[in-house]
Each structure stands twice: as C-alpha cells, then as structure tokens.
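Shown here is one chain on its own, the form predicted alone, set out as structure tokens.
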C-alpha cells in the first residue's frame, strides 16, 4: 500500500496528515518529510495518524527520531490517533508515555505546545 502525506498549518502547529501503511518500505518518506518540516522551521508538529492502517517498528523509530530532533530545537511533536490497534502499539511499547496522544487534530492543536 502507498503512503500519503499532506501538510497544513493550524495556528502555530504544522499538521502532517499520514495515510496508508508506515513500514520499512515507506518510513523513509515519512522521515524525509518530517526532517524537511523541521529544517523549514516547524517547531510544533502534529502527526495525524487517522488514516494509517499499519505502523511497524520502523515507523515508530521515525516518530521517535522526529521527536528528539524537535525537542533539541525547543519544539514538540504530538500524535493524533483514535484507532485501537495503533493505540495498542503505543501502549505496548510504552510510547504512550513519551508522545502526547490525542483523538483529534483540534484537541492536539488546542492543547498548546507539545513537549
């Protein structure tokens, strides 16, 4: 399955909408896009996983790497996810303790700056 990526701005947040499967084959595209956004000056990124059907450890690694890069720049990264199979992955890996997780983009952007 293909990976779709689209970006929009909501206030001080850059929202990256991700769709499809994030796996060993598609994760490099997600990594490149996140790095592009950070290098362009985005400091508050919301990654919307609402249309993601599959996420493997490679995809998790990309998200962790982006979070580290943003924190080093004084920014933060939030995730939007309401699908139980994906939420289960975050709970099992304890990454639900690392990433701010929200059910909607509105909730993520209204929460203020991510840590």
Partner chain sequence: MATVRLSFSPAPVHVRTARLVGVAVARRAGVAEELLDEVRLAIGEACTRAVALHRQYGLTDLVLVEMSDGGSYVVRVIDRAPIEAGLGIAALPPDELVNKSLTDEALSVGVGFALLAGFVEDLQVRPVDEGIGTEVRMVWPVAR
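Residue numbers count along the first chain shown, from 1. Keep in mind it's a predicted model, so treat the numbers as computed, not measured.
There is also a form predicted together with its partner chain; it is not shown, and the following applies to it.
The closest non-hydrogen atom of residue 60 lies within 4.5 Å of its partner chain in the predicted complex. For the chain shown alone, residue 105 is not a contact residue for its partner chain in the predicted complex, no non-hydrogen atom being within 4.5 angstroms.
Although the partner is absent here, residue 69 lies within 4.5 Å of its partner chain in the predicted complex, judged by heavy atoms. By the criterion of a heavy atom within 4.5 Å, residue 41 is excluded from the residues contacting its partner chain in the predicted complex. For the marked spot (7, 37 and 82), a heavy atom within 4.5 Å of its partner chain in the predicted complex is absent from each of the three residues. With the partner removed from view, the residue among 30, 49, 45, 55 that has a non-hydrogen atom within 4.5 Å of its partner chain in the predicted complex turns out to be 55.
In the predicted complex, the residues of 12 to 29 lying within 4.5 Å of its partner chain by at least one heavy atom are, in order, 21, 23, 24, 25.
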